[in-house]
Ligand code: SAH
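Take a look at this one chain, the form predicted alone, written out in structure tokens.
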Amino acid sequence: MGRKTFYLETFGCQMNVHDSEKVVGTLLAQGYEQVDSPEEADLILYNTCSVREKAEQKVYSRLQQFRREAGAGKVFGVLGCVAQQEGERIFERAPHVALVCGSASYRRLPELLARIEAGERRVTGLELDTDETFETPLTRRDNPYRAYVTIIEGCDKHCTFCVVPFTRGRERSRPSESIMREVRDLAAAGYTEIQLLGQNVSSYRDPSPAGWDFVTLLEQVARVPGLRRVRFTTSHPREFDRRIVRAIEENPVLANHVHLPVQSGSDRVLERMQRQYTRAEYLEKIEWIKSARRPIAISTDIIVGFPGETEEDFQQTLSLLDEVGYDSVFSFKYSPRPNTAALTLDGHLPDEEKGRRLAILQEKQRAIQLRRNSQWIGRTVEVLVESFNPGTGQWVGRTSENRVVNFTCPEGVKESLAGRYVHVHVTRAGPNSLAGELAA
């Protein structure tokens, strides 16, 4: 058999990025070689995300671009959430596509590709009714310092705006032994930062006889020799447990950062979203974090312009920004997603109004972040160095709180700092990052 090449492009969240690492590892083990452009590839894969606005249109547009760029004789495949959501409709709208595969079927990729090689024109992997999570020792890691580890897939929450239950299925937790083996192997290979991933990590329930919950898993991962930082994302506020905060307090390896998506500051909107908590209940959990023995950065997700959101509801979200003082916010305009209950709600807002509210919220949060980041000026922080930016002459890294730090070195420092933990004296602050100099 001759040389087999593939090109993979990824769009979306950290789960998608990590899924792509697994797909790459699986294909390499099958004898494929990864290339840098669609033109060079025999197999062109697009790992998609269905969360953002107009996701389907963007996927179809990109598939047409791939076809023009790559030329004839290629095999095209669509992976991920849009693949699961659109299913066989993709074949109708993009007839050059041969493979449509959702994340729950990635284990079957070798079999699916073999069927295409045998002459089948349209092959799908769209099963969601599975107890398996996609795990493989063949993962090809793209970051040499931070590694992602999936601990749970899918979600049982059915928030009215969210497509995840329809694209990734119900919750399936990995056995703790499998997770710990992967973490120990990563630490032995030199990785010092691990990020535990799941649509809702705090729902983790070990299916093995050990029966660990998320806090127990977190504590055990943080004890693995060689690890310096352990992160996790995403937690649903409903299951966010005070014990998580205590675990962070007690083990300095657990990073000083919690991502706790709130989505709205209005109880009325939260109820329409079926988020299963009130503003007061959410703020109680924020108070647990703020009362911790060491400072813990807090980030969140917010949707503006949800169907029926009034100006008063929006003002309540703005007031929540002031009350919490988030270190960072991922904010989005509500966009209708297929199969979700929010499609049937009344009160859908014009796009212009959603855009107006988003701009106001982002400007407010920008000022909050500038104020919070400015408090770090004059302090020395520990940074895991990730890369060098030749355009600015600065090294780039992150603190335990997940703040980006750009810093310079004295003239005499010539060696690479990538992958090292260094101390940086902060001299300046912007809304999205800190700047400073390598501390002596």
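A quick note: this is a predicted structure, and the numbers were derived from the prediction, not measured. Note that residue numbering follows the sequence shown and begins at 1.
The discussion below concerns the form predicted together with the named molecule, not included here.
Not displayed here, the named molecule is kept clear of Val75 by more than 4.5 Å at the level of heavy atoms in the predicted complex. Using a 4.5 angstroms limit between non-hydrogen atoms, Asn251 is distant from the named molecule in the predicted complex. Contact annotation: Trp288 falls outside 4.5 Å of the named molecule in the predicted complex, judged by heavy atom distances. Residue contact with the named molecule in the predicted complex: Arg229 places no heavy atom within 4.5 Å of it. The stretch among 296 to 304, 214 to 222, 118 to 126, 316 to 324 whose residues place heavy atoms within 4.5 Å of the named molecule in the predicted complex is 296 to 304.
With the partner omitted from this view, the residue of Gln195, Thr234, Thr278, Ser178 that lies near the named molecule in the predicted complex is Thr234 [heavy atom within 4.5 Å]. For the residues Gln365, Ser173, Ser266, Gln199, the 4.5 Å heavy atom test against the named molecule in the predicted complex is passed only by Gln199.
Annotation for 319 to 354: interface residues with the named molecule in the predicted complex are Phe332, Lys333, Tyr334, Ser335, Arg337 [heavy atom within 4.5 Å].
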